[in-house]
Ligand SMILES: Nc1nc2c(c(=O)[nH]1)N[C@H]1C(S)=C(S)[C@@H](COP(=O)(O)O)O[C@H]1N2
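One chain comes next, on its own, written as structure tokens: the form predicted alone.
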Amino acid sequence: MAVTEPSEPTEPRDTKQPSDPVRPTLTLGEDRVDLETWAGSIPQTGGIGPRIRVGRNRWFALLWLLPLGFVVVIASVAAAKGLRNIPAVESFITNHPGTLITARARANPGFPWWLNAQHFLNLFLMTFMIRSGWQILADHPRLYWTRHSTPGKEWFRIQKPVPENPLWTAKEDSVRLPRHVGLPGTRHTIGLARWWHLGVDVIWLANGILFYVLLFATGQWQHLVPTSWEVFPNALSTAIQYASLDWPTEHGWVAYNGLQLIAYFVTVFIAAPLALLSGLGMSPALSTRFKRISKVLSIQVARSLHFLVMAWFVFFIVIHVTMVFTTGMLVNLNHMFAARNSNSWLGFSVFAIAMAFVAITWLSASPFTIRHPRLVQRTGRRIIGPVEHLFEHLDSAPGEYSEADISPYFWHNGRYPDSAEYQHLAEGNFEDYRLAIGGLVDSPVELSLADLHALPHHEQITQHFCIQGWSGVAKWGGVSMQTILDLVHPSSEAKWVVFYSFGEGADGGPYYDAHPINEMSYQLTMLAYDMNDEPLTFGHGAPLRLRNEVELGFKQVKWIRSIEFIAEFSEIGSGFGGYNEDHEFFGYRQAI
């Protein structure tokens, strides 16, 4: 069943549709980011310098690589200069000067204009991809090599160890990045960062496909693909010459030296495709579709690989720019910004203009996003929507996980309910709890926990995917939503199902989220009152929470108060499909 794309939010209009009593109490999200009150006035707490695990319990601060790297460079220069005094090494360099120039390369020198244009566009897009990627990482600043996200088991972190507080949330664990490092830089702005990252990804992939087509259609691939095993001794020769500071002759207009050729080949034909594959590996929808792949390339392994690919790109960019400026700046800039082989200032002039444009957009991207978040949200949805629809609405099948796969730790998240009504229910062990189900249904009902337990029992072991990046496998017990559909008989006008929570959102007002009604009949969509064979705990959503396994975690509403079937969600809250969609600019469809 296809779900019709709703129109942009409009003013509420008169309707005969029954209204859940919670609906009038919803708060409206603003069309701007107030840094003083953002995300419930969450403190703008910074993290720590990046660290990697060494052994079982020791951590190495990566900032030590700066002085260590300096020492390595000095030692390499000294060693290379010593090697250049050895006759056998000089003979090796003479026989392998660094660049293998074939007759075909001599006959087809230079770079076409389209390559110059795509070189700049790729540079421009990468700045936003990397910055928004850093912002996404900062929302769950830990990386793992296992399917689970157990605190203390990560291999990389930019945050302190998780405190002993048993109700510590993933949102509290997020960290702030400087405004012009992250995009947009403010703590817990992952909704906006994802629009930037995924939106730019789509453009970058389209540019990459065009690049590959032109590369092979015009023969330019020969500049980037090694065609002889001689590339390896030439690369070694080049490395010795660079390290000795007696640099090799550059022939970039005709052919790259061995070291350049390997670096460009790895970047274009290995790192770029791996960025795509690891990015798709973080997709919940694809994980449910390609189970055999996701068994090996779990979302956490994919996150780690994605991070390492980013690190390669950053390392490559730093080294690449350094070499461009130190091995013949004017000639190199003419090659890539003016498509000519000369030492004129034309290439530098074009480069300077291009970098001024990059700098302006770099500096203005975060302030623009903070001032116009709703525009970023709408634009991102228009860019990503057509791609997202290719992957969403997958009916994931049961049986993928067993009890042996259950995670030892399952993060808490969300703002805990603290109303007098909820506290009264909790103190009475929820004996007075009543789940109201109404709206566009033929048979509205109110169900106690005993009533829910009396319905056919459903259980499943599934993986939870949080938009922040953490994941976990748990066993859920409760009632299938198909059973609820059979009980209340939704009318033909009902296209969405809204779940209201006893918990409030970060900015106050009841938390809620809307789901397409067709997803309610999926095998793995349920109302859970048990977790891992125990009643739901307070921190995980007692007495009742939603499990819709083709959606991300923020849509799995906890502490469910009532359920309403509706025709469209433009009349609910601010009209964007959920509390985080209204207040923190998430997307109402997050199936990928």
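Not measured: the values here are computed from a predicted model. Residue numbers here begin at 1 and follow the sequence given.
Separately, the form predicted in complex with this ligand exists; it is not shown, and the next lines address it.
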item	value
Non-hydrogen atom contact Val557 with this ligand in the model of the complex at 4.5 angstroms	yes
This ligand contact at Arg142 in the model of the complex, heavy atom, 4.5 Å	no
Contact flag, Gly553 vs this ligand in the model of the complex, heavy atom cut 4.5 Å	yes
Partner contact for Cys466 in the model of the complex: this ligand, 4.5 angstroms, heavy atom	yes
Proximity to this ligand in the model of the complex, single hit among Thr186, Ser149, Asn413, Asn234 (heavy atom within 4.5 Å)	Asn413
The unique member of Lys171, Arg157, Arg303, His515 whose heavy atoms fall within 4.5 Å of this ligand in the model of the complex	Lys171
In the model of the complex, segment of 42 to 50, 532 to 540, 25 to 33, 61 to 69 with a heavy atom within 4.5 Å of this ligand	532 to 540
